[in-house]
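The chain below stands alone, shown as structure tokens; this is the form predicted alone.
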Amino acid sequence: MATCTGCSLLCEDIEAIVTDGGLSHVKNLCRKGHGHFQAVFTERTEPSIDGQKVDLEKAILAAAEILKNAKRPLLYGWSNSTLEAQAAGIRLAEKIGATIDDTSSFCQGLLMERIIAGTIPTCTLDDVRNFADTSIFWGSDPSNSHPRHLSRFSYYPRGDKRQKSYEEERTCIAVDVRKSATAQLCSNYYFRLAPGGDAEFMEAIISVLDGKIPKVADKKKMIELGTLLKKTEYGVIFPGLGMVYSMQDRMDLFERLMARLNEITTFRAIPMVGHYNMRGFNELLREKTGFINRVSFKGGAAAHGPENSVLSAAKSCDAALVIGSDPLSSLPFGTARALSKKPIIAIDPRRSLTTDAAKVVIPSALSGMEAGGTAVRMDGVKIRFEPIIESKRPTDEEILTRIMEAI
């Protein structure tokens, strides 16, 4: 059995046989996972400096020299790296006094921080499968982002207590600005919001739970939702980026909603994390420094602040090591443009916009396929996986260790 690192579900039941340089047999892979597995055969990176192919050792030495001479280095990415590589990256950041940040800095970090700290109650996906009778997909569309979420955990499976599944014992609710593929499944309980309308919708739910008339156009439908939530035995909210972006300055309101729901029944929240080990990095860095992201080791001690966010550090750094991410494709245009003008060291198994722009490219083994390791699923469960393909490419952890030794 293999483990798919294509998303944060980390499905462990994958059967895959590789022959003649391709996949000859696969079972239990979703369409996203299939693309991820096929990635091991296409667009692979080669060690290079300034676009010229070199041997691996020379690329590693060049990376070490850049980081050694940098006064304000940035280490960014990590969400698609194993815990072992992340731990090595944190040690490297400490050694050179770098700023270290990950993708949660501008996506799920606000919510993940509260989940890890325990101010918002959470549970495991196995609890969802076994006990949940109401699932709310808020600003998220697992049908496309996590294709096996509904079938393995939240809607279709028959759990220990929910033997009758979606036919009789599970209700799916979608709250979104558009009628996504998941919202179409939840057509009886689809609530369409105007962009930025999440806070107002939360306030309306709280009003109904408090026995008040909500200040919304369709009061009848909102009261129906409140009644459903009150009758729920075990509910789970799955917030996606749509909700998190809308609630940037109002996450305390979501805490209040969760607290109010738990005064009536049992409700939990699991952030719909995209990258396979974003939560792992958040937990690891918090254990080391007390913060989940945006940390600078300049001066020796860990300091946290918005100036250490990749959105700021990309403009102020004088060198960047990028691993487990493609920031030139995913960051806001202004930030990506500023970062592209800095000397970038890209550690990546596959070609990307960032590797194309990098001064130094170091190829690595693809986690889950060519490299083993440990990761943390979106619900906080640690998953250990082994490689299924032999590869001469070094792992992310090995590359970082060799860079550290060369500095």
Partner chain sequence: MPEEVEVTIVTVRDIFQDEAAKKSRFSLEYEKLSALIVLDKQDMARLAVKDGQKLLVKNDAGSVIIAVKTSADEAHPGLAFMNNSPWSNQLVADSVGECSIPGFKSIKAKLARMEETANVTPITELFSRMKG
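Everything quoted here is computed from the prediction, not taken from an experiment. Residue numbers count along the first chain shown, from 1.
Only in words, not in the display: the form predicted in complex with the partner chain, which the text now covers.
K.L.:
Taking heavy atoms and a 4.5 Å cut-off, does Ala39 contact the partner chain in the predicted complex?
P.N.:
Result yes; Ala39 sits at the interface with the partner chain in the predicted complex.
K.L.:
With a 4.5 Å heavy atom cut-off, would you call Arg294 a contact of the partner chain in the predicted complex?
P.N.:
Close contact exists here: in the predicted complex, Arg294 approaches the partner chain to within 4.5 Å, heavy atoms only.
K.L.:
I'd like to check something about Thr119: if you look in the predicted complex, is any of its heavy atoms closer than or equal to 4.5 Å to a heavy atom of the partner chain?
P.N.:
Thr119 lies outside the contact set for the partner chain.
K.L.:
So, Glu43 and the partner chain: in the predicted complex, are they within 4.5 Å at any heavy atom pair?
P.N.:
The answer is yes: Glu43 has a heavy atom within 4.5 Å of the partner chain.
K.L.:
Decide yes or no: are Cys123, Lys212 and Ile264 jointly within 4.5 Å of the partner chain in the predicted complex, with each residue judged by its heavy atoms?
P.N.:
No, none of the three is in contact.
K.L.:
Between Lys220, Lys164, Lys71, Arg178, only one gets a heavy atom within 4.5 angstroms of the partner chain in the predicted complex; which residue is that?
P.N.:
Checked against the cut-off, the match is Arg178.
K.L.:
Mind telling me which stretch in 223 to 231, 201 to 209, 282 to 290, 306 to 314 gets its heavy atoms within 4.5 Å of the partner chain in the predicted complex?
P.N.:
In the other structure, the partner sits against 306 to 314.
K.L.:
Using a 4.5 Å cut-off on heavy atoms, which residues of 182 to 198 contact the partner chain in the predicted complex?
P.N.:
In sequence order, Arg192, Pro195 come within 4.5 Å of the partner.
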